[in-house]
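A lone chain, given as structure tokens: the form predicted on its own.
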Amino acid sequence: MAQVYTRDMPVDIDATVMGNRRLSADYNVLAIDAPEIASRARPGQFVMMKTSRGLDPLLRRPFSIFEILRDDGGAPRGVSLLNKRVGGGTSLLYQAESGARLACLGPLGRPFEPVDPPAEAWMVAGGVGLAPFLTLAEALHARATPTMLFYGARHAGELYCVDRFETLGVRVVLATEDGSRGAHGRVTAPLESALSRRPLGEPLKLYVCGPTAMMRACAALAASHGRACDVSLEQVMGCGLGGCYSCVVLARDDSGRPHHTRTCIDGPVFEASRIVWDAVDAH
């Protein structure tokens, strides 16, 4: 059955860039002053960012909320975004300097639902699919839920912020396609091995975000091992509010019938078994 949650109204603010930590030539973490969004955000939600003050690019871009930033007293002050430079909009966010002001709409979307002990939580991230998992790891840590992160990338230079998860007590399993760090190959290989060793009587839930092929493979593994699995889809979005229908995917309803649904409204988090994977665009 689909998860039920209470949807808060998003807010649209003119946010100030507080800092920009460039992790590499293509990746950065952008911190923005947005207390109205930070105080409402839940793990797995996203914001729609206007990456410039002008009309180019015209549309906003969706970004998972990476961190909830807090002031010295612990009050939510802002959020950070894990960004990969791949086009015009993401390049502008990579270049953004402190003091710049950018329109930010959020929080948006269906969040993750953290499990409580004695269940364990296994997060599976591919590349920039790491973005929604730090807030989830913090929520799981607050519940004292045992947590693992299976994190894969093409090479060691594309593995970021591992220490942030380890500080929260997350057990991290790494994999790189070239073997430069962690297991040699795709992250689904150590995941499959770990699932095979896990007794069915021990409760476990998977949370997955990354390239479509990886999420599809993880969904199949979860199903074959009888495990619950949620995926966070990374569809192209034009508005984030359900008006443009650019993020439509084919999913099954509670009766099993396929129907078209909007990722920005009914997701980005879905039960993996609901997605009609053959109909999801590869990326």
Partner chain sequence: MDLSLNIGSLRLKNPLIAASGCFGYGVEYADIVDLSTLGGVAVKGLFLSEREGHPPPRIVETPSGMLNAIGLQGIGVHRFIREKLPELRERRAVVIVNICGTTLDEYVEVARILSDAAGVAALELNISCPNIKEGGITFGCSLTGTHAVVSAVRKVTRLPVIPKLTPNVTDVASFARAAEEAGADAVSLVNTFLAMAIDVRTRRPRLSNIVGGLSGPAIRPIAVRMVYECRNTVKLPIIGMGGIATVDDVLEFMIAGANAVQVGTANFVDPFIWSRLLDGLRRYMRDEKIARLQDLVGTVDTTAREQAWISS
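Predicted, not measured: the structure shown is a model, and the values here were computed from it. Residue numbers count along the first chain shown, from 1.
Below: the form predicted in complex with the partner chain, not depicted.
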Listed range touching the partner chain, judged in the model of the complex by heavy atoms within 4.5 Å, from 219-227, 31-39, 64-72, 234-242
234-242
Distance check, residue 274 to the partner chain in the model of the complex, heavy atom within 4.5 Å
no
Taking any heavy atom pair closer than or equal to 4.5 Å as contact, tell me whether residue 139 reaches the partner chain in the model of the complex.
no
Though only this chain appears here, would residue 22 touch the partner chain in the model of the complex if you measure heavy atom gaps against 4.5 Å?
no
The partner chain contact at residue 204 in the model of the complex, heavy atom, 4.5 Å:
no
